[in-house]
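This document opens with one chain alone, in structure tokens, the form predicted on its own.
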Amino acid sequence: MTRTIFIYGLVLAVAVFMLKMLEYKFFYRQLSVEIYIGIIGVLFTILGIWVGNKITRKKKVFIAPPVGEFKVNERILGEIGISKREYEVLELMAKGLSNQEIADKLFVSLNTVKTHTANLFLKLEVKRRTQAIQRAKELRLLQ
């Protein structure tokens, strides 16, 4: 009796396995094109959103200051809290001097120049020298 139950159970398990395989093959063959089209559609949607953002992103336009006498915006210097020495470091950075050259020109140590540079980056809310110079030009602190 146990052997008969075991054989029937085994036959039913094989039958269920075969039915599941047929069902899988049916869905795979019938729906494979729709699945591939769906995946391609999602990829093109993501690509379209990315390209759209790249194309329509507003670009910053910098207007050159009027020709003539350049005057430093003292009010913004005071608001931001840039000291005279930090401003001198900023001017020399804008001329393209390295930290060592700035230190030699101002007769201070290299670490002092690095400290002034770090303070400028914090006050101007930037991370690089080029960004600091650009930000200073936007604020009319440099020519």
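Predicted model only: the values in this text are computed from it and were never measured. Counting begins at 1, following the sequence as shown.
The next section is about a form of this same protein that is not shown, the form predicted together with the DNA.
Original post:
Tell me, which of Lys105, Lys114, Lys95, Arg75 has a heavy atom within 4.5 angstroms of the DNA in the model of the complex?
Top reply: Result of the distance check: Lys114.
Original post:
At the 4.5 Å heavy atom threshold, is Arg129 in contact with the DNA in the model of the complex?
Top reply: Yes, contact at 4.5 Å.
Original post:
Is Thr45 one of the residues lying within 4.5 Å of the DNA in the model of the complex, judged by heavy atom distances?
Top reply: Result no; Thr45 lies far from the DNA in the model of the complex.
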